[in-house]
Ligand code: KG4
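A single chain, nothing else alongside it, follows as structure tokens in the form predicted alone.
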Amino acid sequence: MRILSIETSCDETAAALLEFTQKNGDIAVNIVAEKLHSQTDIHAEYGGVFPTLAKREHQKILPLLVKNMLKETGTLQSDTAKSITKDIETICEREPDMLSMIRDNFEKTRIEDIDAIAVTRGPGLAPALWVGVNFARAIATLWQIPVIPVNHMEGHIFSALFNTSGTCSKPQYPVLSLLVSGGHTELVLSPKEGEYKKIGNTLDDAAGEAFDKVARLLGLPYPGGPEIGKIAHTAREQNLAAPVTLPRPMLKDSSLNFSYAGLKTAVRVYLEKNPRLSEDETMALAMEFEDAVVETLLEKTRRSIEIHNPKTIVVGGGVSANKHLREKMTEMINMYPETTLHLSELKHATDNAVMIALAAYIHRNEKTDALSLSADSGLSFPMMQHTN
């Protein structure tokens, strides 16, 4: 089975073409092609993603990104019988510029060897999501192939199960997933395949959001997470002492929830009282902040393991690329020899279209009519069960 996938939930415009076959109970995956365009430089001046600007960039980039990828793979062919219909015009009525690009680049075309189009339905920024969803609806209608809507967070789960050998492993259940990104910090339990139950969630800021906000307070460039990770690593190498002990929010709370707004505020208050930090003090403060975030993530995960006894631990989302988190999580899971840890490869830890195709294949029997599909910025677990 071949799936064309599209991801536009935030500020990454991504597309991929994947080929799937069943292999000894696992899924053999061939990434035929993948493309990704980052908007980081555009949003840097705002210190975060500006939704309307993200939408505009997706509209401008996505049609050409997909066209170039399909032409490079020999998948896009000429077909004079394929024309833009009234349905496609209605689908794109909110994106007239994108409709013009679809008309210029995809009218009179057909595709070979693609069985379905997968697209992120949610969660994410509504303006950005709608661009990807409407583009997928339009070209699926033009080419008369089905659409598979995907939960972005489920994509992060399957991204962690995918490895460089080209296999998406079939995990042992129950599976506990720690999903950590700029918009989400949550613990999700899967008692069996296709069932998801959110057992922990952030009550305010997500961990990735806190990284970005604290980086801005420290005068570091956007995106802040990788920048904090770099200087925190240097502080550990130099054995620098933290200038202050920051709180570990909800560490002793009996729930599995998280909270990072207070931690961000603690950094801000400290900087207001100490506005002229040296370079070493800035690095050490970044280290202390990173330690506080990672310790809470580890403790809530550890507590979840003790309660639910999972066989598999998955860590996904953009913050899963954090070196300190990966090292400490690996150390902790080594204490549970009956549990297997899966971390997303760095290349696919952040938002990408490969993970959307992986999740879509699992839901390959849940195709949706293009005309009825809609975006859902608040889409959440539990997900619908699927069957193979």
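Model, not experiment: these values are computed from the prediction. Note that residue numbering follows the sequence shown and begins at 1.
The same protein has a further form, the form predicted together with the named molecule, not shown here; the description that follows concerns it.
Check whether Phe211 has any heavy atom within 4.5 Å of a heavy atom of the named molecule in the predicted bound form, and answer yes or no. Answer yes; at least one heavy atom of Phe211 falls within 4.5 Å of the named molecule in the predicted bound form.
Spell out, yes or no, whether the shortest heavy atom distance between Ala321 and the named molecule in the predicted bound form is within 4.5 Å. Although the named molecule is absent here, Ala321 would touch it in the predicted bound form, with heavy atoms inside 4.5 Å.
Proximity of Gln59 to the named molecule in the predicted bound form, heavy atoms at 4.5 Å: Flag for Gln59 set to no.
Any non-hydrogen atom of His152 within 4.5 angstroms of the named molecule in the predicted bound form: Flag for His152 set to yes.
Gly200, Pro171, Pro226, Gly122: which sits within 4.5 Å of the named molecule in the predicted bound form by any heavy atom? Filtering the options by heavy-atom distance leaves Pro226.
From the candidate stretches 238 to 246, 159 to 167, 201 to 209, 105 to 113, select the single one in contact with the named molecule in the predicted bound form, where contact means a heavy atom within 4.5 Å. Flagged stretch: 201 to 209.
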